[in-house]
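Only one chain comes next, encoded as C-alpha cells, the form predicted alone.
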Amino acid sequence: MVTLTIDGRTVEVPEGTTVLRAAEKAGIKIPTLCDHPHLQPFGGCRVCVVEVEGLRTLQPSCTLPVSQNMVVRTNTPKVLAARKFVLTLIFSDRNHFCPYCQVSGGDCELQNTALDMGMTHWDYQPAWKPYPVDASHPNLVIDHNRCILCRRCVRACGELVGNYTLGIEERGANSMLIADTGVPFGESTCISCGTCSQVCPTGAIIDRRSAYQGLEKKTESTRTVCVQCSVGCGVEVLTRDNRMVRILGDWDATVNGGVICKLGRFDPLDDTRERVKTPMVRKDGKLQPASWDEALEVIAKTLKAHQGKGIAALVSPRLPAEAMTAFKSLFKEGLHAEMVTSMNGSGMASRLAAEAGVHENTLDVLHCADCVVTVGLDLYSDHQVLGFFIKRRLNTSTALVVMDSRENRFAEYARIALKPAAGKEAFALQALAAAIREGHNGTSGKFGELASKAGLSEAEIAKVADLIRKSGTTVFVYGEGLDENGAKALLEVVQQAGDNTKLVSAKGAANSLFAGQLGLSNSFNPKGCPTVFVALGDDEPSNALIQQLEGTEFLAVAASHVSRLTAMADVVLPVEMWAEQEGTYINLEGRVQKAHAALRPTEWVRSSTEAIMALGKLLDVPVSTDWQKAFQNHPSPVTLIGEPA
C-alpha cells in the first residue's frame, strides 16, 4: 500500500492507483472530462491537473500514479487558473450553443464542470466554423460541433466493445472524430451497441429515441435485467411519466460491466406493438372484452373438461423463474397435461449435466482466455456481449477460432475459421480431441479420418489442436447451432484437454437455463391436444408456432401484446411485459438476478405468475412458485451464483 497526502488528508491506496482515484477514495472531487472509470486513463483534456509538491509543472491526476509520501494539492490558485484556461480553450474550439443542446441544463459534463468552477463565459471567441452533423446512423447522431475530442467514445468502442469503428483523424485543431476511414456513421462497421453515446460527456453523440425527451435528472431510474438473451446484462431503465425514455448499461453490473448490445439498448424502445389492455373472450366468433373472473372461468372450465384428455401448454423462457415454476406446477404436476414445454429452449446443457454434473464455467474465464473457440454460435448477431468480451482481447495475444457449418459473421475476427459439413460438427470435434491427444508429427492419424468425415482437412484440425496446446487457457463457447452429439463430443474435448480448458454455453433466451432445469425443453407438438394454453408474456410468436396452433379447438393465450396468436385465441389474458414485471432470472453462467419493474402496468394487466396462480385456484390445484426447489430437482451444468436481492 502507498500512503500520500491530498489537500491535507492522508490516503492509503494500493500501488499503481492514480492520484485521481486516490482523491475519489478520500472524497475529494477533481473535475474530469476525458476520464471514465471503465476506460484506460488517457490524460487528454488536462482538466484534472493537480499540483504535486516537488514537481515543477502541474500534473494530470488521471494518469499520474501515486507514490509514497506524495503531497498533492487539488485546488490551489495555480491549479484553478489552469483548469479555467483549459476549459476556455475547449469551449472556443467548437460551437457549443448550450441553449440548443439536448444535454444542456444538467446532463452535460462540460457545462457542469464550467458552472462548478464559476464560469459564465469564456474569453476566446471560437472561429464559428460550422462542423458537420452526421445523422446517417439509424440509432445515433454525431454532432461534431459539440465534440471536445476527449476520445471517450473512441476508447469505449475499442477497449469495451472491441469494435474499433471510431477513431480520430488529423492532428491538433484539425482533429476529427471519424467512423472507420471517414465514411458516414450509418455506413460504417458500427454494430449499434450505443456505448459511445453512453460515455459521451457532451451532446456530441446522442441516441435518436431519447434525445430531447428530458434530462436524465428528471427521469426515474430502475436497475434491472435485460431479458433479450441468456447473458442477462444489467441495465438501467430511465422512465418519465411511466414511459420508457432510455436504456443504459449498468456500470455496476457484474455480468456486463456497463456494455450492452443493440437488442438491449435500442430494440425495446422500438417496440410499437399494440398492448392487450383487457381480458378477451371469444363470443359469437369475435373476441370481446371481459372481466378477469369471466376469462379465467372459461379457461378453467375447458381445462377441467379436457383434463387427462389432451391439454398442451407452452411457456416463454423470457418469463421470470417464479412464473415458469408456477406454469409447470399447474400444467404438468397439477393437470398432468400431455405436452408441457417452453419456446426456444433446447435444454442441452441440462441434459448433459445429468451425466457430467457441473461442467460449465462462469463468464470470468472469457476475460483471461488465451484462446477462444466458438462452436455453432454467431456472436456477431447472437449474445453479442459475449462477443464484446472476446473481441476486446483480440488485440492482445488471445486467438479466436470459429467453427460453424453456417455462414458466421463472427468468423471475420477469427485467426482460424472452420466450416464443417452441416450436421458433422461432432466428427470435427472428435477429430480435434484425437489431434490434441495424438499430437501431429506429419503423419496421418485417427484425427485425419475423422476430419475427412467432417468435411475438413487434417491440416485445419491440426492447426487448431496446435493452437490449443500452446495456449495457457482455452475457452470453448457453444450455441444452439451444435446438436446433442456435437455437444457430447465437445464435452469430451474439454474433459480431455485438462484443467486449462473451460466451457461456456449460450442457452438461448433469458431463462432458457431454468427451462432446461425444469425439463421444459421438448419440442412443442400439440397434435392431438384440443386444448392449448400459451403463457407468451411479451414474446413474439413465430410463424411456425402460429401454424402449429391453427385449428386448435380451444386456445388460451396470456400475452402482453396483440399478435396473430392472440387473434386466433378463444381467451386472451393481458399480462405484464418485461419492464413491468418483477421476478428472478438465472443467466447462462448460473447467476441469480432480480428483475425490477421500471413501468407500472395498466389497471387490467396482471403478472404472468398471478394469472397462472389465479387459474390454479379456480381449478383447485395447488401451484408452487418455489423456483429454488424446482431448479435443484435436476443436476445443473453450472453452479448457482448469488441470490436475488
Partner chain sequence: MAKPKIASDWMAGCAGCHMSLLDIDERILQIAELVDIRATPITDLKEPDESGVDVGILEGGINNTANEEVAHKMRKRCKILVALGDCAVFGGVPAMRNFFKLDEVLKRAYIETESTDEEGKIPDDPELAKMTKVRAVHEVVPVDVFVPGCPPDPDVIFYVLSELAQGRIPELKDEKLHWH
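Please read these numbers as outputs of a predicted model, since none were measured by experiment. Positions refer to the first chain, counted from 1.
This protein has a second form, the form predicted together with its partner chain, left out of what is shown; the following refers to that one.
The partner is absent here, but in the model of the complex a heavy atom of Asp123, alone among Glu170, Asp241, Glu484, Asp123, sits within 4.5 Å of its partner chain.
For the residues Gly182, Gly118, Gly472, Gly551, the 4.5 Å heavy atom test against its partner chain in the model of the complex is passed only by Gly118. In the model of the complex, Asn256 stays away from its partner chain, with no heavy atom inside 4.5 Å. When its partner chain is considered in the model of the complex, Gln102 lies well away from it, no heavy atom lying within 4.5 Å. Shown alone here, Leu363 lies farther than 4.5 Å from its partner chain in the model of the complex, counting heavy atoms only. Residue contact check for Gln213: none of its heavy atoms lie within 4.5 Å of its partner chain in the model of the complex.
Heavy atoms within 4.5 Å of its partner chain in the model of the complex are found in exactly one of 531 to 539, 126 to 134, 513 to 521, 69 to 77, that being 126 to 134. Taking a 4.5 Å heavy atom cutoff to its partner chain in the model of the complex, the contacting residues in 80 to 101 are Phe91, Asn95, Phe97, Cys98, Pro99, Tyr100.
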